[in-house]
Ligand SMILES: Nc1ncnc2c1ncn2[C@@H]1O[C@H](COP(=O)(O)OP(=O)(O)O)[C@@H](O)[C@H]1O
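One chain follows as structure tokens, the form predicted alone.
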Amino acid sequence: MSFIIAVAGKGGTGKTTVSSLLVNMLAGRGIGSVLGIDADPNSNLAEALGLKVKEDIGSIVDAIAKNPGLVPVGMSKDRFIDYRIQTSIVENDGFDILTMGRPEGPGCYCYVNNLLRTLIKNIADDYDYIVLDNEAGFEHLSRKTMRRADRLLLVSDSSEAGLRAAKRIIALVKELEIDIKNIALILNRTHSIILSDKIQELGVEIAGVIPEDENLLNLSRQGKSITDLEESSKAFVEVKKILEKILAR
């Protein structure tokens, strides 16, 4: 069974950056097969890792909805969609990437969520590690797209809005009884831990604190991928510590 690391948090707090670093580091360790799943309709995970996605789940569903004739004779639509999704996985040296995307057709988003849920279940034994970059909202949690995870990392800055979003995610996980073995908070773009009342109210451990990193900002400005980040950079060093904590448990 795959070891699943889910990453969630308010938009703009850096969850995709954390997810991409985790995928890259897991691949670099050579300890097993790695799949990164970009479950955020505002898909950026592959781009952060320097890859281009030709198709995502949303575009596949749209294409078949607009042109049912694409489905081969003798094959069911669901089976054909599953085949197309499998072939849409981008393979790279050390890791693969699957992108959800967002369908354009009305009423399709629930269907895509269901597809992703089924796919995660079906491929859970095909990879040793899965890193799931959730959307900025609570869609995947509320629809139980993610039914289980070994680790749920909540990425937040030190703002009240970020911490409030983390608190809502924790409450939703408990309410829906999602099978998560451990929940931890990552404070991003923060120089030190300030144990404010709002952080303490979360009732979860702090997995790590990632400071503002000029090297990371420069990569973004230059349009380079996270794979070009120097291992001596502040963000790389801190996320590496977080990963070591996760794998040591």
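Heads up: residue numbers just count along the shown sequence, starting at 1. What you see is a predicted model, and the numbers here were worked out from it, not measured in a lab.
What comes next is about the form predicted together with the ligand, which does not appear here.
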item	value
Of L185, I210, A39, I57, the one that lies within 4.5 Å of the ligand in the predicted bound form (heavy atoms)	I210
4.5 Å heavy atom contact, L70 to the ligand in the predicted bound form	no
Contact label in the predicted bound form: L216 to the ligand, heavy atom within 4.5 Å	yes
Distance check, R189 to the ligand in the predicted bound form, heavy atom within 4.5 Å	yes
Residue contact check: S220 to the ligand in the predicted bound form, 4.5 Å heavy atom	yes
Within 4.5 Å of the ligand in the predicted bound form: residues from 1-24 (heavy atom criterion)	K10, G11, G12, T13, G14, K15, T16, T17
